[in-house]
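The chain below stands alone and is given as structure tokens, in the form predicted alone.
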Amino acid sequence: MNNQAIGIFDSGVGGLSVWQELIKLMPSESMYYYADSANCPYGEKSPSEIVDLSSRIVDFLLEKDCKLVVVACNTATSAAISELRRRYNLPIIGIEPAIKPAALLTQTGKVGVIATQGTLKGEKFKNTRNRYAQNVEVWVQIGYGLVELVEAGKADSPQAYDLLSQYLNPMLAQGVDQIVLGCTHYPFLIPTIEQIIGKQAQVINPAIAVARHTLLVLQHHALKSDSRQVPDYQFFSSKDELELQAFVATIAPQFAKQKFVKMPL
């Protein structure tokens, strides 16, 4: 048994959509979450900037004795995960747009992907698309402004509805019946997305698959915690720990009294 914590990080609060699935699946695992909100969003940063920021966060999580790291950020996965795996000797799990299940589920042969610029321009996305979507049409859309709205707690605002309508309605008009969320911030927009798409399309959130994969990796490396352990949850932000705490309080109120710390990179 290994009772060290799982480290999770994102450019901001978006990775909490992955954290939510991890705690559901592995309730005895301690988890330390790092939100780099001071440098959010990552979508328009250069790959070298993202590698530098991600490496500094992993260094911090290793100082906290984390046994495994989940890169709960599509943009950071795309730009940095290969280098992170080269530099660090511990399991590192990433996330990428779920094009494979979308291609398998589509009835119209048309799927949509909404993601950040960094994800859509990255080699990982191109390779995944070429591998799994050869027989379907893929419509892509950069979600300009969506990360910022989620970070500001405005996922259910009129601004979010208007932006998402601009991005999703053209896809629906083309007959897209699967919409892949290619950014971990976007699951917090699902209620607004569903108002727009109704029953015309299905939303695919890859966070559940990431949690399942994390469990398999823990088992494979004999890193699972003692099932009797009382887990330790800690939250760190490079910007304002109170903003992070307020966000956690809205999505998981039972965790709002855990440890929240401002920790600039």
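Throughout, we count residues from 1 along the sequence that is shown. Keep in mind the model is a prediction, meaning the values are calculated, not measured.
If you look for the form predicted together with ligand DGL, you will not find it shown, but the lines that follow are about it.
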Using a 4.5 Å heavy atom cut-off, which stretch among 171-179, 155-163, 190-198, 116-124 contacts ligand DGL in the model of the complex?
116-124
Contact label in the model of the complex: residue 235 to ligand DGL, heavy atom within 4.5 Å
no
Is residue 79 close enough to ligand DGL in the model of the complex to count, meaning some heavy atom within 4.5 Å?
no
Consider residue 41 of the chain shown here, and say whether it contacts ligand DGL in the model of the complex, taking contact as heavy atoms within 4.5 Å.
yes
Given that ligand DGL is not shown alongside this chain, does residue 98 nevertheless sit within 4.5 Å of it in the model of the complex, heavy atom to heavy atom?
no
Contact with ligand DGL in the model of the complex, heavy atom within 4.5 Å, among 103, 142, 92, 147 goes to 147
Relative to ligand DGL in the model of the complex, which residues of 73-101 have a heavy atom no more than 4.5 Å away?
73, 74, 75
